[in-house]
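One chain comes next, on its own, written out as C-alpha cells in the form predicted alone.
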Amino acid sequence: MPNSFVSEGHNGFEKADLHIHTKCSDGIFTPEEIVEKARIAGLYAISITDHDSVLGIDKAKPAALEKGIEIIPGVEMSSTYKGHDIHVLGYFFDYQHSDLKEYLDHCRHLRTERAERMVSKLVKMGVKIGIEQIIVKAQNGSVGRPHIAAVLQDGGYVKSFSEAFSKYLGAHSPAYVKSIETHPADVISLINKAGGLSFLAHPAQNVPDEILKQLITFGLDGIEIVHPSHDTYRQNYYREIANEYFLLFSGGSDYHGMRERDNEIFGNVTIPYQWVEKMKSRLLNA
C-alpha cells in the first residue's frame, strides 16, 4: 500500500470533510479555492467528491501540498436501485484506473444527454432555455440539475434553487428525467477494483431501511454517518447499523457553496480524523 496512506505528525483531534463538490461538477468554487477554504477552516484532510468526476483531484493536489492539507481521492457516483437514486461515495481508489476512467467518461455523456432531455421537456412547458447555457454553466465539468436550476434562476423562471427543484427538476416534478441507471453493485465493484472503499451517501435523504440492508449485501465498506441532512438521532441510528454490519463511518458537509445557502459555512460539518485512519487501516489489512 502506498506510503500516502500512512499518516504522521497529528494529535488525533484533527477534523476532516469527506464530501465536497467543486466546479468540476456542481459546486461553485474551484478545487484550489476549496483547498484554501479548508486551510482557513483548519481542516487536516478533505476529499473532493464531485459527481461522476475525478477531474478536481489533480487540480487540488499542488495547493493542498503547499498548505499541508491531506487530499483523499474521492468521487460521488450515481446509481439506481428499485426506483431509488443511490449515491455511492468512493475513497482512496486509483483515480487513474482505466476501467474507472472509462466509466466516468461514459457518465459525463449520460449526464449531458439527461440534461438535454430535461431541457426539451422545459421548452415544451414554455421555458426557453438551451443546453448550451447549461454546458457553459457547468464549465466543462460534470453536468447536473443544479446547473439547470442556475440557468432557470438567471432567466427569471424561478427565484431560487429550491423553487427550481420543486417546480421543475425534482424527482416528482414535470421536467425530471431519471439519473444514471447503473446498478449500485456495479458501482461498488468498480470502486473496489480500483483499490478503493465504497460508502452509501446521505441515506436519510433517499434510502429506505429495507433498501439500505440490501445495499450492504452488495459489498459496501461503510455508511456516511455525518451529513447536513442527518440530525443527531439519524447519526446515531446509522452508526448503530454500521456497527452491526462491521462497516466504516464517513461524513462531510456535502458543500456546494450555492448562493441561497449562505448559512452553509465551510468547516462547520466535519468528522474526526480517526475515521479516516480506520479507513486506511481497513485498506492496509485488506
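Numbers for residues come from their place in the sequence shown, where the first is 1. Predicted, not measured: the structure shown is a model, and the values here were computed from it.
Only in words, not in the display: the form predicted together with a small molecule, which the text now covers.
The closest non-hydrogen atom of Y81 lies beyond 4.5 Å of the small molecule in the predicted bound form. At a distance threshold of 4.5 angstroms between non-hydrogen atoms, G144 is in contact with the small molecule in the predicted bound form. For the chain shown alone, F161 is a contact residue for the small molecule in the predicted bound form, at least one non-hydrogen atom being within 4.5 angstroms. In the predicted bound form, the small molecule lies within 4.5 Å of some heavy atom of D26. Partner contacts here mean any heavy atom within 4.5 Å of the small molecule in the predicted bound form, and among 88 to 96, 145 to 153, 130 to 138, 188 to 196 they occur only in 145 to 153. Taking a 4.5 Å heavy atom cutoff to the small molecule in the predicted bound form, the contact residue among K121, R108, K167, R114 is R114.
With the partner omitted from this view, the residue of K37, K59, R234, H256 that lies near the small molecule in the predicted bound form is H256 [heavy atom within 4.5 Å].
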